[in-house]
Ligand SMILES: Cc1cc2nc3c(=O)[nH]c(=O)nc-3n(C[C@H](O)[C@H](O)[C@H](O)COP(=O)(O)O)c2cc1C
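Taking the form predicted on its own, here's one chain by itself in structure tokens.
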Amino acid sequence: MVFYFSGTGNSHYAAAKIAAETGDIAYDIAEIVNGRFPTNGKRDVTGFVFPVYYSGLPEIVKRFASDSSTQLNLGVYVYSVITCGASIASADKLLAKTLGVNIDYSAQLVMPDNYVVMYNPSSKDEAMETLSAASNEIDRICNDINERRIVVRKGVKNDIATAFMYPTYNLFRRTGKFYADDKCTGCGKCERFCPDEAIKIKDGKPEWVKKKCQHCVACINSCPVEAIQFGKKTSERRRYCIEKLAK
């Protein structure tokens, strides 16, 4: 089975392609944590595909990996494919520690930048170029997985980056600075896309009803009229999600 978490579609794209090329089934972690553990897919292989957050794991991935149902259903071959804009640091090691097992195969997959809260996401041309390279890299990764290769990433710098950055994630994943500006049409797409159910449409406008979320920025990037903002700077930045890129 392939388990994935995705905010703007990068990891979903990778997971779907990996599942197709390895004869497996991809499952959305956000749906599983709010429902039942799946029973279909390869039982001897377990894959995890997700974006790196602050050099570590998205909170929902950490929660899923620490759950006994997940740990009891791991295959004999466990792999991770972690998407990023530059580096995953030691997020793969953190996943292994959370699962309580060794990861047999770990891959870093560079995908288009999307964290609009911190920086300007990739332009369309940049994103298309990155996705083209990523598609070729996924083919190589799938070949490794099908051959059950053992690849473990190492690096002291990666360990330092995760040790330094990841503790800040819980501090910065607050929802207080999210808001919808006057362009908002009340379509409700942000509410539907939020994996934390942290957004509710009230009086035709989104409200963030939880103090913390994943900070997957699906709400900002998927808004059809670019009405959702975080603080003062996002209104001047591009938006990115694979759905929009395809259109």
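Note that residue numbering follows the sequence shown and begins at 1. Given the structure is predicted, the values throughout are model-derived calculations rather than measurements.
This next part talks about the form predicted together with the named molecule, which is not shown.
Of the candidate stretches 98-106, 139-147, 122-130, 83-91, only 83-91 has residues whose heavy atoms lie within 4.5 Å of the named molecule in the predicted bound form. Contact between Gly47 and the named molecule in the predicted bound form is not found at the 4.5 Å heavy atom cutoff.
In the predicted bound form, none of the heavy atoms of Leu57 sits within 4.5 Å of a heavy atom of the named molecule. In the predicted bound form, at least one heavy atom of Met111 sits within 4.5 Å of the named molecule. Val61 falls outside the set of residues with a heavy atom inside 4.5 Å of the named molecule in the predicted bound form. For the partner-free chain shown, Cys216, Val217 of 216-235 come within 4.5 angstroms of the named molecule in the predicted bound form, judged by any non-hydrogen atom.
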